[in-house]
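Before any questions on how it binds or moves, here is one chain, the form predicted on its own, in structure tokens.
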Amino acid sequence: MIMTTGAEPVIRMFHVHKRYGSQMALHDVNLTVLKNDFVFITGQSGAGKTTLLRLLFLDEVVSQGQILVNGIHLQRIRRAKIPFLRRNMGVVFQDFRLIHSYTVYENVALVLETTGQQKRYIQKRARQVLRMVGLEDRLHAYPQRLSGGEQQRVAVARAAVGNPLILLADEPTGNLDTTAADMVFDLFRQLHTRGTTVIVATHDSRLFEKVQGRIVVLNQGCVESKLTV
């Protein structure tokens, strides 16, 4: 693990609340994530893990409180600046969000195409990350032809291909067997070694043994504890 002593914060959450009608999903959350941290957000189902990640990616907006990501105040950001914010993030969603009319390769390559990378680099990098998650032989398959676990690995490859500053992963191994889960975490470790800040939401405590990091425990929308492993 790269030491983060003295590192600057890339994410800061101040007294964050999130409500859905009368239901409180997050309550008074305060959290600082430093550059190149590896953070696990854990807790039981319904604890608020997915909501927290969605707030960071501006899939949702806070009901109360403040969030800063890379110095950008998310409550003041102009709509035109949101794509720029997201371009520096890789996100693995629980529902994959793959483009079903695109092949596996096209889903992954699209991330690099939108940033204007050269075709030769796109081909090399997309194939590289797909090899790392064990899908090099599925380049030309369409998502509907893949199993849930394979779609999950495509989603991970897509999130990782651009070497993002921040990687957010929501239950990234939920549909994977042990071998595939190890492939995914090898990719996360490589990104972390290169300087990516990784935040993984999971209820699976076995993942904590795969990489050194911090553990933030949510309980009914509140931060119950913060640990380092």
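In this text the structure is predicted, and so the values were computed from the model without any measurement. Note that residue numbering begins at 1 and tracks the sequence as displayed.
Below, we refer to the form predicted in complex with a small molecule, which is not included among the displayed structures.
The contact with the small molecule in the predicted bound form, taken as any heavy atom within 4.5 Å, belongs to Q94 out of Q94, Q128, T103, N88. For the residues H192, H27, K35, K49, the 4.5 Å heavy atom test against the small molecule in the predicted bound form is passed only by K49. Using a 4.5 angstroms threshold between heavy atoms, Q44 counts as touching the small molecule in the predicted bound form. Although the partner is absent here, Q23 is a contact residue: one of its heavy atoms lies within 4.5 angstroms of the small molecule in the predicted bound form. Residues placing heavy atoms within 4.5 Å of the small molecule in the predicted bound form fall in a single listed stretch, namely 49-57, out of 158-166, 192-200, 176-184, 49-57.
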